[in-house]
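Heads up, the chain shows up twice below as structure tokens, two forms, tagged structure 1 and structure 2.
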Structure 1
């Protein structure tokens, strides 16, 4: 007898699978990480208690975590809406940069007497339009020439980063403050800064959560969302039913780019308060892809996953303060990310172990000869 491992698509996963598997994956990561901490000479229980205190214990810690989670929610939503249609937007990072560039231009250009509501509204609209435009640069080749959107969106990230760096470090542009000895962006006026809720936590968290709820409702309760999901399941069947796959490709990538760009608006208006490439270029867009995968492209699931990853990142600096080497901190964070993401495989697939009889070997039994029909 031999054992075979068979992997089958799970189809519709029950609640226990959808919530239990990620929880078990997290527990496994914490146990494995505890072993690594012990080998490195650290107390695992003290390390995990420090992580909890630094990220989730009390409103002060929670506000720091939510502040970091704000752009992660938006970039996670950007990836999730594209993944719903099996379109893979890897360009959230570049779209975030374009949103920051456009929003900071509006904030610096409009008069300082502009009411805050109008100023912030104009910045959000300008940032969203810039991100949608940047995403359409990849969407048009995808829709009409079947170009690989993974490559085009990824390459556009580097173009956007170079553009942002050029505006501050390589030129005397409108964005750069000439009075600063070290190149940096002009500070936005007070009416262009998102109101603070508590410490570093700003109004952007409300925008992000509202965006998640609205996007979930659109995808689940409107014909546009139904068509997006149908095209994701079978583009050929959707086209046969009269759905415009090309237009939906343009639309979904434009929405995805706009959401990622709003993350750039929240960063430039709520955190850096000016176009500061070093503060903005922190790979938030790439982290959003991980969030969308773990959340199974569910907009409501993006919010807790983003908060969880933000909590891990927030706790990293505190771990170093109790003597844990920075390499061990990065290893622990990466281990948790990897294990939770890998657990997604078991949510989507079922693994079966089957025992089968071994094939007969030559010589195990007497040879037989087949006779032609009618022979004796």
Structure 2
């Protein structure tokens, strides 16, 4: 009886496997990307060198990367918290726009004399509420009609994008600066701008990292987090234990929407300094989904993964100087997503190659198999 490949579910994956496999997957994605670059007639090694120099080599490169990582951490957290309950919030993009719209409104509306802390606080709260509201537009139908949240959150992205475009390009709205010849947003006053830490890097990174730690703690150490994780594993067991799946769906999506929206606040307040659709609509929300998947929905894992993807994105613009289209960034991100997703299989299963089954004695496999002795 010959069977060449034998697949067995892993009883219990050690941390070596849980972190090693995604790391290998990342490398594999880079190799694949290199292959595609080579086929397209570029030198992959030169490309990766250039990318490394542009995004990670030295403090100024690093600060650019971290600046880009700021919103990515937040959208990554947004996707991760929903994934923990196995709800798919694909609407980070739209929630981010709503956060940007609301925060810039507050920044422009409140008097310029408002103390900075109050101003920024009000912008954060307004943005978060707007994002939560946008997410609830999908959460309520999900909780009460079981309407597929993937579709609804996604549809709302397109609506939010058109809304934002309308405010700046399609109308003379409160947000639009009438004096500029090319349509653009009014500039926020100084007290509505997140302080810079170094170059482009601004205070937002601190908000993002703190958010990651707090979210981790909430999920692990509070009864709310306990319930979220239970529902994520088995909604039926959760109902059986008396947890309200409906309310948690609303809660989790609201939190998720708020986090994505804070990314939008951070972008208008720390980077574009006004509502600038072209600067904001760069798939930050979507990239958050990749980040959450690669980080296996762990908030603490989101931070390094976001930095890594930010590094790739930062490097993109530099690649043009050696004749490679910026779009390679999206290709690489997609490949990473793909290989890490595929890697999930190797985390939960053990794959062995063997020549013949006869060569394997029953006792053979037990040392490597992590099954409890009591299993019958």
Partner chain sequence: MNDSLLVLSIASAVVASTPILFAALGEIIANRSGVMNLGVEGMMLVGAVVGFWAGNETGSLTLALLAGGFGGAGLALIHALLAVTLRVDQTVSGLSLVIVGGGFSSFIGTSGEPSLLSAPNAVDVVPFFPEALRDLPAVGPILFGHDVVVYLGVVAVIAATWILNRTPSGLSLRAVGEDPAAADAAGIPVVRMRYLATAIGGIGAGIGGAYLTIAIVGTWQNGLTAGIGWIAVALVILAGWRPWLALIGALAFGGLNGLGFTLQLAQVDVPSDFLKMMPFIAAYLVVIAVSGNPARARRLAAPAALAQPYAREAR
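Here the rigid core means the biggest group of C-alpha atoms that line up within 1.5 Å when the two forms are laid on top of each other. Not measured: the values here are computed from a predicted model. Numbering follows the first chain given and starts at 1.
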Structure holding the form predicted together with its partner chain is number 2
By the 2 angstroms cut-off, has the C-alpha of residue 318 moved between the two structures once the rigid core is superposed? yes
Did residue 307 shift 2 Å or more between the two structures, C-alpha, core superposed: no
Once the core is aligned, please say if the CA of residue 340 is shifted by at least 2 angstroms between the two structures. yes
Keeping the rigid core fixed, what distance in angstrom separates the two C-alpha positions of residue 47 between the two structures? 3.7
